[in-house]
Structure formats: structure tokens, C-alpha cells
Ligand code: NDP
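As C-alpha cells, one chain now follows by itself in the form predicted alone.
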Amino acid sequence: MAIAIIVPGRDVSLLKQHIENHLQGAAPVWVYPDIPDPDQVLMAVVWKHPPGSLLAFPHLRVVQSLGAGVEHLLRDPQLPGQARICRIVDPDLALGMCHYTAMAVLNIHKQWWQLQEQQAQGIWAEPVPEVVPLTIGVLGMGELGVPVAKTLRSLGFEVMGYSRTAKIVEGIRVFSEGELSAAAFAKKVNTLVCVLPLTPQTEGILNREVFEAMPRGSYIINIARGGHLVDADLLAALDAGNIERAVLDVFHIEPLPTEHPFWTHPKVTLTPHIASVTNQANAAALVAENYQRAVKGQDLKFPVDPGAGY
């Protein structure tokens, strides 16, 4: 049996090498579209695969997402029903999210953008007043959201969490969908960090209702998926002053089209989907382990519930 890597437009040679090192010859690793024998493919490792491409493998048992998100898989109408879907869960991935969010929040807290503007204009102004105390809400309290919330709490910020189901996290109050709507939760905070999985239920959750519920002059940080954000609603909230600044790492279309107004909006800071990047060595170890589990008929690590979307 074999493993197929399907990651269009990216160099996966290092990932392939890492997987082969872990397997030690137990199975060939092929890179799409160069698949010598589709009948031999037991496992596919994918990221934004061409829709329908997985139907080429009649004996496919495992589809391993190369990231924490799986919405790119679940949107494939021709996803083979017999294959189990798994996702990457990696402490390094969570650590990257923590670092990025801490950077964004501290820049907000110290008004770093204002300091940069003062430098550009040759203005020496002290002291620079800090913004009102930040009360941070983390949307999504899963494998990524909990470490992000704990990191922000360790920096001394007041932090609350919002989750689909009730959860207990030491030092952080977590509200569930059953207790509050997203807008009611947003009303309690002045900084909102989105770390949700993208599902039909969470798509467009960062919208006009949420922005209008937040105190005037609030902040938005989106490190989850572009589909969570209604772009036009955010632009309107920024122009109206209800949202003071948005830090965005993810977008509906990536790369972000050059004509998109986010590029030039004075209250938007954007980065090219780099908040956290999958560690290929760690991912390869998980791929190899799940392959071996599949061969032995054992339970897979980090399986996805297609109904829940993660």
C-alpha cells in the first residue's frame, strides 16, 4: 500500500522525505499527480486538493489534512465516503498561534501603530497613553483557542472564551452557545480573537451584529479562516469608528487580491496567512503513525466528525 501527497502549488519534497524516513521503506510515498498505481493508495495527505481527485483511489481509507482545518475537504462533494478524515494537532502549531495573537494584542495595548506614525512624522510625544484596559474574548476554545486564551491570561489580560459546548478552563470563564449568542458574548469584550473552525454554523460569524454589539473603539483579530468574516461589515464598522482596528491573517481569497480595500485601509493590519505554519517534521510523524494505525486496523489519531465540521 502507498501514501499520496496532494498539495497543489507547494514544494512538498521535505514532507515526503520526512514521511519516508518515519516509514523506513514500509510504503512508497508519491506526490500528485505522479501516482504510479492509484489502486495501492491507502492514505492521502492533502491541502486544498482538486475536488474529485480522491475518487481516483478505490482503496483509500484515510484522508489526512495537512493543517488543523478540514473545511477544504468537507466542501468536496465527491469526498470518498469510505475514508476517515483526520487533522493535524501539533503543539508547535498552537504555539505559533499564541505568539501571533500575543504580538497583535500587545501592539494594540501599547498603541504600536501610533508610535510608528509618530516616528514617521518626527514627533516625540510622551507619555503615549495606553488604550482602555483590554477585555479579550476568544471565539473557539479547542486545541488552538485554549492555548491562545491561556497565553493572553498569562500576560495579565482579562480573558473570556466562547465555545460550541460547555467547557471548564482554569482561570478563564467560558461561555457556550447555549448560554449566549456570539453577539451577546461580543458585548462583554472590547477585543475579539477568532480561532474557530470554519463550519456552516461559524461562517460569517464576524458580522455587523457582532461589531455593533461591541463597545465603540473595539478590536478584531482573525487568525482562523477568511470565511468567518463578512468583509463589507468590517469595513463599515471601521469607517464608523465602532471597530478601531482589525488584525487579519486570513481571507476569503488567498493571496488577497490587490484591489481589495483591506490593503490600503488605515485601520487594517494584514499578514499573508502566517500566524502559524504546520511543522512538516511533526506533521510527517503523525502521517506515518496514522498510516501504520490504518494498516493495523487501529483507531486513528485526531479523527474528524464530519457532522461537526472538525
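Please read all numbers here as calculations on a predicted model, not as lab measurements. A residue's number is simply how far along the shown sequence it sits, counting from 1.
The form predicted together with this ligand is left out here; the points below concern that form.
**Student:** Can you pick the one in R153, K167, K188, R208 that has a heavy atom within 4.5 Å of this ligand in the predicted bound form?
**Tutor:** Contact check passes for K167.
**Student:** Just give me the single entry in R61, K48, H265, H273 that has a non-hydrogen atom within 4.5 angstroms of this ligand in the predicted bound form.
**Tutor:** Spelling it out, the residue with a heavy atom inside the cut-off is H273.
**Student:** Taking A68, R225 and V250 together, does each of them reach this ligand in the predicted bound form with some heavy atom inside 4.5 Å?
**Tutor:** Yes, because A68, R225 and V250 each have a heavy atom that approaches this ligand to within 4.5 Å in the predicted bound form.
**Student:** Pick the stretch from 143 to 151, 210 to 218, 76 to 84, 115 to 123 whose residues have a heavy atom within 4.5 Å of this ligand in the predicted bound form.
**Tutor:** Among the candidates, contact is made by 143 to 151.
**Student:** Determine whether any heavy atom of D239 comes within 4.5 Å of a heavy atom of this ligand in the predicted bound form, and answer yes or no.
**Tutor:** Contact check for D239: no, nothing within 4.5 Å of this ligand in the predicted bound form.
**Student:** V193 versus this ligand, in the predicted bound form: is there a non-hydrogen atom within 4.5 Å?
**Tutor:** Taking the distances in the predicted bound form, the answer for V193 is no, it never comes within 4.5 Å of this ligand.
**Student:** Decide whether P197 counts as a contact residue for this ligand in the predicted bound form under a heavy atom distance cut-off of 4.5 Å.
**Tutor:** Close contact exists here: in the predicted bound form, P197 approaches this ligand to within 4.5 Å, heavy atoms only.
**Student:** Would M97 count as a contact of this ligand in the predicted bound form, using a 4.5 angstroms cut-off between non-hydrogen atoms?
**Tutor:** M97: contacts this ligand in the predicted bound form.
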